[in-house]
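Take a look at this single chain in structure tokens; it is the form predicted alone.
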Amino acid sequence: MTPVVVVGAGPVGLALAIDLAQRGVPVRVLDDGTPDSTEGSRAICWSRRTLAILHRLGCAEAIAAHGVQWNTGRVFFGDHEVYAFDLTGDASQRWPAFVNLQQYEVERELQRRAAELPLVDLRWRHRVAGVTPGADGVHLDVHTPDGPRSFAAPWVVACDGARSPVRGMLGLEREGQVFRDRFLIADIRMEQPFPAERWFWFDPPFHRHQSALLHKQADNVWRLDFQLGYDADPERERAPDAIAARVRAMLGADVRYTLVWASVYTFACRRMARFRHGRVLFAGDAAHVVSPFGARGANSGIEDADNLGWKLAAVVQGHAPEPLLDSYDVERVRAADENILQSTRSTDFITPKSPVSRVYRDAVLALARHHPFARALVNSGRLSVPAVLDDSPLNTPAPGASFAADAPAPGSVAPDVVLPGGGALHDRLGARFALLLFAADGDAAATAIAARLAPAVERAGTGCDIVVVNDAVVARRYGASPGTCYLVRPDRHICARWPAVDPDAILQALLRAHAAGVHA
């Protein structure tokens, strides 16, 4: 019996399967499609945080090399540029702010990586037709090319998309809001000298009283997005002549292009009440959906997989109790709520629902052209950022500890800093917990702490690597001085920090972060 069955071989399901396999957990992936599908670009915008996760999974370099890297966005109102923003960050950043690459290309790279791992059993044209959860596992009825089959697994993770058949078979629903508006996506192939930037228009001269977006993808494919209004006829708007009229209005009558894909869509901001239902867990669009503004959909799904992978592996391998999986639900529901909030606010700004809202929106845009304070109010899509798990039950607070205001706190992602001698900090972190120890006499300090921690760590079965840091650039980024410690989870979130070494406190924090404290 395979310990874990993942339903759905999209980016989220494949990322989770790769993560589990790299941690030594056999996993079977079932998908009702085929590996060579190129139906629509769908998600295209992959964040710095997602690239860091995919790097750990062995995929990021090829994706970044093939995709279009960008850090700059421009916002227009009518005929004028309101302002531009730059997300480059400082020289310590390893990855660009975003890489644009069609979803099917990302899936191909994930498929390639999965094929390298013997513990991943990827089954195409396998459609799940029945789900029967039990106290000790889940039974699946599956239609395969060779006829009906039955599979059983202790754990099933549904990564089967927004329409999630698994969710439907279990009679589970999502709650939220459906927005009464329609948008046209048109992916076109053309050669134009436009820079690799995100351009967003409010009320442009070529599409009055609506919004539009232009964004470059790989292989000279460009994403065009037009707000249509809820009364638009989807069939008419998808017609090639209607798309041609909009493309020429935006880019000029002489533009030469090939239509690659088009879709008219409405969207919703919804999530399930809980992401864990016994031995069935939900991730990605199966658990939550948001509007496309801000690239929060696929990126948050990859973060789901990153959060769940190490926890599920620890439970399967007997290193942690099942309640650890409840923290996946707590943390990722909180992250989904943040994404839904930001996405809803973006939608309300982009598509005002009343004359008063439109007057406010237009006033903000007019002020933003000349006054920096107003630019913070402009919302063309708050772009995806890592979830901050500041209220996670796995965190250990340190009352009275003194840190700089900009030092990374428990719940945030541990900054990955490019090292002067080559490589980056996260390359020194393994698949287990890591204790970052800032010490000039690193070897001696690490040896002393390891000796204190080793017996209890072995008893708890959690595993923790001690990483000595004596680089000044990293120390400044972490607000650290000699003796400062950060405890980092396998998904690179910080769960505790101390201004000075305290082995007993470190052990208790490690046990708590592994949900082992209740059994210690």
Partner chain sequence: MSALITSPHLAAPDAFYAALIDAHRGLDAAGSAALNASLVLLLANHVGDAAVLDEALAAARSAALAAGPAS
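This one's a predicted model, so the numbers in the text were calculated from it and none came from an experiment. Positions refer to the first chain, counted from 1.
What comes next is about the form predicted together with its partner chain, which does not appear here.
### Query
Taking 4.5 angstroms as the cut-off for heavy atoms, does F206 touch its partner chain in the predicted bound form?
Answer no; every heavy atom of F206 is more than 4.5 Å from its partner chain in the predicted bound form.
### Query
Hey, in the predicted bound form, is Y360 touching its partner chain, heavy atoms inside 4.5 Å?
Yes.
### Message
Contact with its partner chain in the predicted bound form for A401, defined as at least one heavy atom pair within 4.5 Å: yes or no?
### Response
No.
#### Entry: 4.5 angstroms heavy atom contact with its partner chain in the predicted bound form for M190
M190: no, not in contact with its partner chain in the predicted bound form.
### Query
Among the candidate residues V364, V330, A153, L117, which is the single one with a non-hydrogen atom no more than 4.5 Å from its partner chain in the predicted bound form?
Of the candidates V364, V330, A153, L117, V364 is the one lying within 4.5 Å of its partner chain in the predicted bound form.
### Message
Exactly one residue in L377, A440, A450, V255 has a non-hydrogen atom within 4.5 Å of its partner chain in the predicted bound form; which is it?
### Response
Here the answer is residue option L377.
#### Entry: Among 288-296, 232-240, 339-347, 366-374, the region lying within 4.5 Å of its partner chain in the predicted bound form by heavy atom distance
In short, 366-374.
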